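Just the one chain here, the form predicted alone, laid out as structure tokens.
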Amino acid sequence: MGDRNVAEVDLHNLEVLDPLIGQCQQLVREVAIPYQWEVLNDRNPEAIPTHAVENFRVAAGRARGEFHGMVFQDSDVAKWLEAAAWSLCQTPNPDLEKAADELIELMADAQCGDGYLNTYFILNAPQERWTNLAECHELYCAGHLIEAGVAFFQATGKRRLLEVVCRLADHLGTVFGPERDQLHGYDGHPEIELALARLYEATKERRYLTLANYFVEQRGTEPHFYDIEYEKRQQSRAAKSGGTPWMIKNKAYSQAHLPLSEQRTATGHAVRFAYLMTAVAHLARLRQNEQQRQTCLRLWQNTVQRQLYVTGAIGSQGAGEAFSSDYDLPNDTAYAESCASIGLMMFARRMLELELDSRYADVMERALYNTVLGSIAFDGRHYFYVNPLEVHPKTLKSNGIYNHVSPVRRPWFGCACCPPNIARLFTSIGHYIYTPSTDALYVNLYVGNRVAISVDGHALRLLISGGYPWREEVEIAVESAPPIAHTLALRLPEWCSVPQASLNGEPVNCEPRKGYLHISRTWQQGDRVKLSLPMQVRRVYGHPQLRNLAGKVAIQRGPLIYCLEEADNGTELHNLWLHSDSRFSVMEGSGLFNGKILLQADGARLQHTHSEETALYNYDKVPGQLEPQRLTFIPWFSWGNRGEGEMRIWINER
């Protein structure tokens, strides 16, 4: 069972200096957070009006009007506030802090006397509070607000929002629970569970942990709460609705079809699943609960062994933004929501704290350096909601099965969960780089950074540098004095077949324990660990049951998946082949790709003539002929930054 004393890095004591992730964090801090604030305040003409902050102003009595937007519109504001909080840890910004303080006062003014806070119900239907948990996201919104409250307290020491969310959580404790006069329900969109676990860690109030666990354990029990709730709503209406809504009927969509202890496969809405499992893994450690640990192990295994894209994405279908079945991972109709990969990183982080095994960090890295990194444009103002592995723009426009897929990133969305989620992930990336435990400091990600970690009352100061993921060498320098006895546990990535390490120039035996190289010593200022992680270009092949990948290959270097894009290789990418014996050239990118590594290899294109008379099908021979073509591969996360065009990861091999 995981160590109860696993800690969280204090982001005040961590500075990201990385050329890639650091650049992205800077982009989020300097561009995305201000841009999103303008959008949430309806001050950006490019983006869809959100009314998100205005809803709070109306609920607080500071403006007149009605609620507008999605029923869960409050959550976008809360996630932005959390991103702002984590950003303030690394870079103080008086203007941002002032905007956040004013927003918090607005939220406090909107809060009801009993602690309830949700602008949709306050403005639209105050008598219908807690009557439609299956569909209306009340607890989901509360969860994101609680996470923001914890983050802002940790970032600034200010308790104003923490007090607001504690009142909200205490209100939930009176409404929900096992007593006869309480509701025995849970939200359609998990989030409150992981938020309450965080609130418990911040306040040490046991009742928040108890409530989080109640929501988890209640889910999926019979009689089904959503059915009871729906029947009550029907009885209170004069006119009956036409039929049971699909969200109530399809309980697997919300992971409400079975108790978690009985679930065997990852199912339903991918983000909801990931958020729920993040909470269960956290609870399993905090409560030292073996059944919850086994549930996490079982469902993690199914997710990553049978339902995970090579890009670290989950959710293979647009219908329900959901998982489908084992080994069903289509490339062009993939949903692969940005929030789902963020959720997978959150789940992996909590599993690491539970198990301290590098396989969780390997998946976390795969998600970060591919889907999550690719979800935001180089300009910081455009975002992917859906992250396909193959795009043919001409077909997207005419075939309805691709309605969810966009060939370019968008400035905003009607359902805008992804942009502020991306922002809060990058501003809090320090929580994923390290897992500090009483016995060792686990280094999960080789993101360049300077950090101070508390060890027995002293500060162990480290500097990680080296230019990962482009460069093979990682250096960890000790900058602290006096000497500190501790263990550094360095992840040896699964993609690297021959890692090497040295300590102050002397070779270290790279014999891993659960995927980590443990180096124990009394660390002194000037000590240097060098890790060599050879980044040969590797060909990736799919499991034989992944029918969409038959005869195809993907290219990976380090943690990065590469792709072909029309801008470099022309149209009809489906008519390109990579030779099975081609050697790859590694090139320094320029212009838009400055500082990035590109790859080239010899391949072939099926050349053909096309006219109105060309037959749709040909007998006995392949139409056209193969001609040599030099293929250029770019890091997949960077696709779509040069306008609309074809893209594919998995290509023909011969």
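Here, rigid core means the biggest group of C-alpha atoms that superpose within 1.5 Å across both forms. Nothing here was measured: the structure is a model prediction, and the numbers come from that model. When you see a residue number, it is the position in the sequence shown, counting from 1.
Same protein, other form: the form predicted in complex with another copy of the chain, not shown, and the subject of what follows.
Per the 4.5 Å heavy atom criterion, another copy of the chain in the model of the complex is contacted by stretch 303-311, the sole one of 208-216, 483-491, 303-311, 426-434. None of Tyr120, Tyr516, Tyr226, Trp495 but one reaches within 4.5 angstroms of another copy of the chain in the model of the complex through a heavy atom, and that residue is Trp495. Of the candidates Asn449, Thr295, Thr333, Ser582, Thr333 is the one whose heavy atoms come within 4.5 Å of another copy of the chain in the model of the complex; the others do not.
Using a 4.5 angstroms threshold between heavy atoms, Glu66 stays clear of another copy of the chain in the model of the complex. Taking the partner from elsewhere, Tyr140 is found to have every heavy atom lying beyond 4.5 Å of another copy of the chain in the model of the complex.
Among residues of the shown chain, Leu606 is one whose heavy atoms approach another copy of the chain to within 4.5 Å in the model of the complex. In the model of the complex, another copy of the chain lies farther than 4.5 Å from every heavy atom of Arg272. Although another copy of the chain is omitted here, in the model of the complex all of Ala319, Asp328 and His392 have a heavy atom within 4.5 Å of it. Residues of 388-410 that come within 4.5 Å of another copy of the chain in the model of the complex, judged by any heavy atom, are His392, Lys394, Thr395, Ser398, Asn399, Gly400, Ile401, Tyr402 in sequence order. After superposing the rigid core, the Cα of Glu588 is displaced by less than 2 Å between this form and the one not shown. Annotation for Lys621: C-alpha shift under 2 angstroms between this form and the one not shown, rigid core superposed.
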